[in-house]
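Taking the form predicted on its own, here's one chain by itself in structure tokens.
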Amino acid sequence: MTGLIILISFLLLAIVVVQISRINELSKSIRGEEYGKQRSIDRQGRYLLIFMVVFLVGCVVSAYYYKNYMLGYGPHTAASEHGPMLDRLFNVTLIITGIVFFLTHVALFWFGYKYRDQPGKKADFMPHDNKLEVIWTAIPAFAMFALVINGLVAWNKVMDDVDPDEDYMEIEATGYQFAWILRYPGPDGALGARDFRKINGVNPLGQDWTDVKNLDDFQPTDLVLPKGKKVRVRITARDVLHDFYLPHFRVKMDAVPGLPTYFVFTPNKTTEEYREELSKFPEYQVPADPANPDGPQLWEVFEFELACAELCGSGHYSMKKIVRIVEPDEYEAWLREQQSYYLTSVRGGSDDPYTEQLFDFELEARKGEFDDALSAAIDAEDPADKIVRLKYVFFETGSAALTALSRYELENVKDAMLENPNIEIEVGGHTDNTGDAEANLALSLARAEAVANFLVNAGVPQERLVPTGYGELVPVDDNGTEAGRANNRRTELKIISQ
């Protein structure tokens, strides 16, 4: 029924328009064609003037109304050291082009009214005017000269690269459909080499793991930077053209596949400081979620953002990433929490070129872990707590042969035995419940003897070691899970005398 009513309404409207048109035609025929034409021309001329006024006033009013939401105005002043220079350049451009905009539109509509067709008036033919041509050539040329000179000065300062001797930090941003991958250097302060041929599901950036500078690089979720620190961003893309865009910092640079670019800037406002500036404006003292009037206000949930300023595909909108600017001490605390991508995602996998060795920091961590466990066992009163499980001692599958990396943990055991000459230990071997029970018992004993033999060959007196095999009889974990079965295949030390 509603659709039928709408259809009938449109039909009636069409009939009214047709009837008005017919009335207008009859009026023209009665009053005369020339008279009707002149009235139409005069009316259109007045409409042009009215539209000009409404349009220009609307431009001014809307710009004023929304100024506090625009970059460069209200609270949205630049949050980087070079930003104010670009804002001034944009303001100069706005003033010059704004004057031209208003003058040309006033002339456009005023001339349409002034030089409309009128009875008794005839247009003058003016084929050439040197003075007029000099004026409309010289004024735009001067305006362009001012804009280009200002632009070149700003460009040379903003796009200047870092001096190798100055204090700065370097990070990397790689765009792909549809996200950004951020990479920071670790404690060595240097980003490792990349090779696009090494890109795969585990190695999204194609990092060359044989370059030791890659081993401590990390890939955080958010872009976190310290206030007051000069930052050089390496910018690249993995598939199509993207654009690294930090609007609040006046940073914008194309990310081009195969052609690395960069941008250098220094953030000078933390996220919290920017929020405080926003809180002074009524536009941001409203609920961030209109459906939750009692929730946080708009200024409280503000975040800087990293976006893509190129139309890179249907998922372009999803390339937004949170940017946090913090005080230097907070940044250092955040850095200490970050973990190397190599250690968390590559170490021990098929792409790891260092599967047969441990790094110094790993050795120190494992030694500290073993020493703490041994001290706790020595100090324990309950015999059940006088056990140290060797977490990093492994055997070849179905064999009593120690793997190459097991030697590092056994070196820790050897050092502890030599430092504590009164300790006697039982080396206990275990297995899971897979296979024959008697075979498992024999295998567990052989593994315990392999550990004891390693320690004897390393200088520990044989009489201080008692190898014992438990097979699957004394499980230390649940055999119902893979993790439990793996724990049941461990070897352990039990202090029997100290």
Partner chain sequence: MANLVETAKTKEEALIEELGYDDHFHDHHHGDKYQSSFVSKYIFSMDHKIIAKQFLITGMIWAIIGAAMSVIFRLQLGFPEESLAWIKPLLGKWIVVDSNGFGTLDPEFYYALVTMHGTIIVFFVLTAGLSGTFSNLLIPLQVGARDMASPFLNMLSYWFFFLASVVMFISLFLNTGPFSGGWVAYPPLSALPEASSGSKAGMTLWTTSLVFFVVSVLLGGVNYITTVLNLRTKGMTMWRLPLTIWAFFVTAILGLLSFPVLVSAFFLLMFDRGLGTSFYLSEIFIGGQALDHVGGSPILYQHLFWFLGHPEVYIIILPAMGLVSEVLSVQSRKPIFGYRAMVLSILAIAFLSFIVWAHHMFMSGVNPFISNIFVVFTLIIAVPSAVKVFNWIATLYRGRVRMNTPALFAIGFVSMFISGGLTGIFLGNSAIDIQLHDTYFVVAHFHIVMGVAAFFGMFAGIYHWFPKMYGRFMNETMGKIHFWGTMIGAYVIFWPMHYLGMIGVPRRYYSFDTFDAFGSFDGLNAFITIGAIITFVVQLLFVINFFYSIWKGKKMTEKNPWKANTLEWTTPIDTGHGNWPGKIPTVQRWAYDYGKDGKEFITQVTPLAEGEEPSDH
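Take the two forms, find the largest set of C-alpha atoms that superpose within 1.5 Å, and that set is the rigid core. Positions refer to the first chain, counted from 1. Just so you know, these numbers come straight off a predicted model, no measurement behind them.
FYI, the form predicted in complex with its partner chain isn't displayed, but the following is about it.
S.K.: Hey, of 447 to 455, 55 to 63, 460 to 468, 431 to 439, which bit sits against its partner chain in the predicted bound form at 4.5 Å between non-hydrogen atoms?
M.R.: One stretch meets the cut-off, namely 55 to 63.
S.K.: Tell me, yes or no, whether Lys122 is in contact with its partner chain in the predicted bound form, where a contact means a heavy atom of each within 4.5 Å.
M.R.: Yes, Lys122 lies within 4.5 Å of its partner chain in the predicted bound form.
S.K.: Is there a non-hydrogen atom of Gln177 within 4.5 angstroms of a non-hydrogen atom of its partner chain in the predicted bound form?
M.R.: Although its partner chain is absent here, Gln177 would touch it in the predicted bound form, with heavy atoms inside 4.5 Å.
S.K.: Even though its partner chain is not shown here, does Arg407 get within 4.5 Å of it in the predicted bound form, heavy atoms only?
M.R.: Looking in the predicted bound form, residue contacts with its partner chain do not include Arg407, since no heavy atom lies within 4.5 Å.
S.K.: According to a 4.5 angstroms non-hydrogen atom cut-off, is Met253 in contact with its partner chain in the predicted bound form?
M.R.: Because a heavy atom of Met253 falls inside 4.5 Å of its partner chain in the predicted bound form, the answer is yes.
S.K.: Taking its partner chain in the predicted bound form as the reference, which of Thr397, Asn292, Asn156, Ser350 has a non-hydrogen atom within 4.5 Å?
M.R.: Going through each option in turn, the one that passes is Asn156.
S.K.: Could you work out which of Tyr262, Tyr331, Trp209, Tyr184 is the residue within 4.5 angstroms of its partner chain in the predicted bound form, going by heavy atoms?
M.R.: Residue within 4.5 Å of the partner: Tyr262.
S.K.: In the predicted bound form, does each residue in the set Ala14, Arg22 and Ile41 place a non-hydrogen atom within 4.5 angstroms of its partner chain?
M.R.: Yes: each residue has a heavy atom within 4.5 Å of the partner.
S.K.: Could you list which residues of 80 to 107 come within 4.5 Å of its partner chain in the predicted bound form, counting heavy atoms only?
M.R.: Result: Leu86, Leu89, Phe90, Thr93, Leu94, Thr97, Val100, Phe101, Thr104, His105, Ala107.
S.K.: For Ile149, is the C-alpha shift between this form and the one not shown 2 Å or more after core superposition?
M.R.: After core superposition, the C-alpha of Ile149 moves less than 2 Å between this form and the one not shown.
S.K.: Ala138: with the rigid core matched between this form and the one not shown, does its Cα shift 2 Å or more?
M.R.: False for Ala138: its C-alpha shift is below 2 Å.
S.K.: Would Arg336 count as moving between this form and the one not shown, using a Cα shift of 2 angstroms or more after superposing the core as the test?
M.R.: False for Arg336: its C-alpha shift is below 2 Å.
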